[in-house]
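Below you will find one chain, with nothing else, as structure tokens; this is the form predicted alone, and questions on how it binds or moves follow later.
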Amino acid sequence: MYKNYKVLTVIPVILALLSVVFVSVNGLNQSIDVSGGTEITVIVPNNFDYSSLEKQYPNVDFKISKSSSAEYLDIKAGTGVDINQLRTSLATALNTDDLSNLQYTEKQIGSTLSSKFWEQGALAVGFAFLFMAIVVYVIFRTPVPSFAVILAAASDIAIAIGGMSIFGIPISTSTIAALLMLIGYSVDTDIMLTTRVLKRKSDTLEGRINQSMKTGMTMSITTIVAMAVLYFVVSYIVPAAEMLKDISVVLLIGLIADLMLTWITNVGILRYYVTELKKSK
């Protein structure tokens, strides 16, 4: 197996590159946090038929969410939709003169604020990577292991965004927060692995890798199980908390990718660095 580790090392990176290509072709949905618009949530009668609203507003996203206590209609409309007309149509469909008589919430985000948010979100991710790269290089003072840590984090993000594109998860405040958390999870296991492999001398290389893998896999699998539980709870018990569902899915995809990037790619790079590159100098 070790003879083929160089081939295995590049497979997760190829997956990350394919994710980038897929996102560039398929695109990424944007929530109203990013694109601007209006989000309405209203409690509706059981088995509420909103097909007439869908026909009247083909560019508006309608979605029913059910919990044990109520049924919710979530409406997401872009900035080009006449919101006053949409409110009137919704009130007519629900047989009321005033939506405020119902359990009703509405959130509006203007296009200027949403574009500002998009700029700030991109800056946050960019600065996170920049300072992560500086800290990692200061810790290890060698370019190859530092590059491996940054490559793993960047590939995790690329695969997570690819998963968002496949499953139609929109880029929003919550999913950007999930991507930032993913950088932390990724760097955590990669730095633990790199520190034990490069700085500990009390065991063989394989022994240090195996010990790191036991600790790192336990950390990652614990978080994966927690995110899976969160996903099922939000899906079947509190569906109105869709933001938590998006966060859990993004982290699940990224953490599963991180298992490959850390324990195949990063381990392969470190094994090559210790057994071949470092000895040749």
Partner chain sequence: MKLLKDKKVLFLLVCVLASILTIVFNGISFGVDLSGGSTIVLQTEETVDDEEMAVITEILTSRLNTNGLSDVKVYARGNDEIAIEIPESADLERIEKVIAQQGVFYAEISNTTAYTGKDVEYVEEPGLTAAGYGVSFKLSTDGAAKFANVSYGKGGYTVNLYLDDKLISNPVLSPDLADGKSHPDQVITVAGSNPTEEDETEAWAIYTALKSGSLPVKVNIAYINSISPTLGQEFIKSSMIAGIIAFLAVALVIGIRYKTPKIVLPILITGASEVLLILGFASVIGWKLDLAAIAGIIATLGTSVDHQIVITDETLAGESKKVKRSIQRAFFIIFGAAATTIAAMSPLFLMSIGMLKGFAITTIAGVLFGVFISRPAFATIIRELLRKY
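Positions refer to the first chain, counted from 1. All of these numbers come straight from a predicted model, not from anything done at the bench. Each form is matched to the other, and the largest set of C-alpha atoms that superpose within 1.5 Å is called the rigid core.
We do not show the form predicted together with its partner chain, though everything after this point is about it.
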Counting only heavy atoms and a 4.5 Å cut-off, does its partner chain in the predicted complex sit next to every one of L28, K55 and I159? no
From G184, G168, G80, P143: within 4.5 Å of its partner chain in the predicted complex by heavy atoms is G184
In the predicted complex, the residue from V60, V233, V44, I256 that sits within 4.5 Å of its partner chain by heavy atoms: V233
Is T218 near its partner chain? Define near as a heavy atom within 4.5 Å, in the predicted complex. yes
Flag T223 as yes or no: does it have a non-hydrogen atom within 4.5 angstroms of any non-hydrogen atom of its partner chain in the predicted complex? yes
Using heavy atoms and a 4.5 Å limit, would one call D74 a contact residue for its partner chain in the predicted complex? no
Can Q103 be called a contact residue for its partner chain in the predicted complex at 4.5 Å between heavy atoms? yes
Would you give me the residues of 184-206 that have any heavy atom within 4.5 Å of its partner chain in the predicted complex, in order from first to last? G184, Y185, V187, D188, I191, M192, T195, R196, K199, R200
Core superposition between the shown form and the other one, C-alpha change of E206 at least 2 Å: no
Does the C-alpha of S165 move 2 Å or more between the shown form and the other one once the rigid core is lined up? no
After the core is overlaid between the shown form and the other one, has the C-alpha of V125 moved by 2 angstroms or more? no
